[in-house]
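Next up: just one chain, as structure tokens, the form predicted on its own.
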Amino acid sequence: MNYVFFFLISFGIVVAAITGNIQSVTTAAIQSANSAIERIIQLMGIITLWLGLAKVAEKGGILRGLARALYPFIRWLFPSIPARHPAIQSILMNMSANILGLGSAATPFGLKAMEELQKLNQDPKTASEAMCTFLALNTSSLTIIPSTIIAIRLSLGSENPAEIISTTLLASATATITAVLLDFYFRKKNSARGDGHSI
């Protein structure tokens, strides 16, 4: 990606120099830098609010309640993980936070889940099936309330920042179902060939 960005920037400067608009490149660069800093400052307050709400949800038991509801589904997806293993709890908390759109709160749980799954991995140099399944779930990430995107739209002056909830739910649900089906297919395929990891 560094080469791509270097090419795009260099190409823009060369074209601007040839067409005599080098000043516009300088102006755009300065305006973009200022705009980026302003956007970061605007988002800091909103993200702080969501992180606070995430902490309240965690302390108030909302995340744990959602995690209990997801438990049967997670046990079906990860049959190789022992029932009371810490990896299960971290996966549940990660999925619960993602469903509520609390991506910043979900990240520490996701890292902890991967750490615990690595302890169960029989081949530390190769991702286990459970790790692949969790990565697919985490990447597709079913989201009911896309709070971070709503915050960004709000900071950019959207008149109805929450109008994307239905489309986000449809898109993320489709992505999660597709990820689960593909993961199931490749698990069966690897199992038939006898080269899948047990955990």
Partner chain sequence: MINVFTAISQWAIPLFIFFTITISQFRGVKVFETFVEGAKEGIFLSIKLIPYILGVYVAFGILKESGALIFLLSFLSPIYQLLGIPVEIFPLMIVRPLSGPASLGITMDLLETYGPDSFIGRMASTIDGSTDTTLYIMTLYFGAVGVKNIRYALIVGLSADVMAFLSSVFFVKLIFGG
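Take the two forms, find the largest set of C-alpha atoms that superpose within 1.5 Å, and that set is the rigid core. Numbering follows the first chain given and starts at 1. Treat the numbers as computed from the prediction; the structure is a model and nothing was measured.
Separately, the form predicted in complex with the partner chain exists; it is not shown, and the next lines address it.
Contact check for residue 89: every heavy atom lies farther than 4.5 Å from the partner chain in the model of the complex. Under a 4.5 angstroms non-hydrogen atom cutoff, the partner chain in the model of the complex has residue 126 among its neighbouring residues.
In the model of the complex, residue 80 stays away from the partner chain, with no heavy atom inside 4.5 Å. Proximity of residue 100 to the partner chain in the model of the complex falls within the 4.5 Å heavy atom cutoff. Taking the partner chain as positioned in the model of the complex, the residues of 20-37 that bring a heavy atom within 4.5 Å of it are, in sequence order, 21, 24, 25, 28, 29, 32, 33, 35, 36, 37.
In this overlay on the rigid core, residue 138 has a C-alpha that sits less than 2 Å away from its partner position between the shown form and the other one. Once the rigid core is used as the reference frame, the Cα position of residue 17 differs between the shown form and the other one by 2 Å or more.
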